[in-house]
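Only one chain is included here, represented as structure tokens and corresponding to the form predicted on its own.
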Amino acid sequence: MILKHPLAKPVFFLLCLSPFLWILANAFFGDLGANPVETVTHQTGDWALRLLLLTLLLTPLKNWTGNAQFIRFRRMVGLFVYFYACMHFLIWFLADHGLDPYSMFDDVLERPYITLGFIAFVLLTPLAITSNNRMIRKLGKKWKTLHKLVYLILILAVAHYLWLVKADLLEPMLYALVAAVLLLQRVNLKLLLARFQLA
């Protein structure tokens, strides 16, 4: 099976890194359009969201195919989500606010879509910090509870994107649809129906 191959992880790593390398190449050749900062900000945010959706897709793929090898890549993808989210945040912080925290927090408080994105980024940070084996052992059962924040983070990230876009809503709506499917398939439908019957 290709997912078990020793080169599977290095190849997957390069695939996750390739959008960043593509952005760097475009920056080097001056192909980032009329507003390069805005382009890079949007592209890093897009890839953070796409990889977040991929992270949540890996468990269903394992369940649907019966192949547990998909889970091998979940931590790597999750860390790349944080990498692109950090790039997204840092470019915005530097370009829009000149690394001024007071200006940044004013923006966070004044613009709701920025508020949602910032909360998502803050919540994503402890997940990245605790993604190693040492923290998994240290936290025990609390680790799973903590990492369920990923569902809230996904909702906030999708809402951030939907609120940001003012014209062409097709792409953010597609992401919202995929997110809804991934979240709904995690609901225990039998338990949910039983609760309705008892009500």
Partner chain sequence: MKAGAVVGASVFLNGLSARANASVEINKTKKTDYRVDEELTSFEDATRYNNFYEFGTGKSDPARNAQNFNTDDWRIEISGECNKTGQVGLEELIHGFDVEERIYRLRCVEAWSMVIPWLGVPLADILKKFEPNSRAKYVAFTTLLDENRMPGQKRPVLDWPYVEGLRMDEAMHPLTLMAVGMYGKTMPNQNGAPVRLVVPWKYGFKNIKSIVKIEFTEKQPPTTWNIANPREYGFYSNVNPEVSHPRWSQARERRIGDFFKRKTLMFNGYADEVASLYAGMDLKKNF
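These figures come from a predicted structure and were not determined experimentally. Numbering follows the first chain given and starts at 1.
Below, we turn to the form predicted together with the partner chain, even though it does not appear here.
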item	value
Interface stretch in the model of the complex with the partner chain - options 158 to 166, 57 to 65, 44 to 52, 135 to 143, non-hydrogen atom within 4.5 Å	158 to 166
Among the candidates Leu109, Ile129, Ala95, Val122, the residue which, in the model of the complex, approaches the partner chain to within 4.5 Å (heavy atoms)	Ala95
Proximity to the partner chain in the model of the complex, single hit among Leu152, Ala27, Val37, Met173 (heavy atom within 4.5 Å)	Val37
Touches the partner chain in the model of the complex: Cys86 (any heavy atom, 4.5 Å)	no
4.5 Å heavy atom contact, Tyr113 and the partner chain in the model of the complex	yes
The partner chain contact in the model of the complex: Val77, any heavy atom under 4.5 Å	no
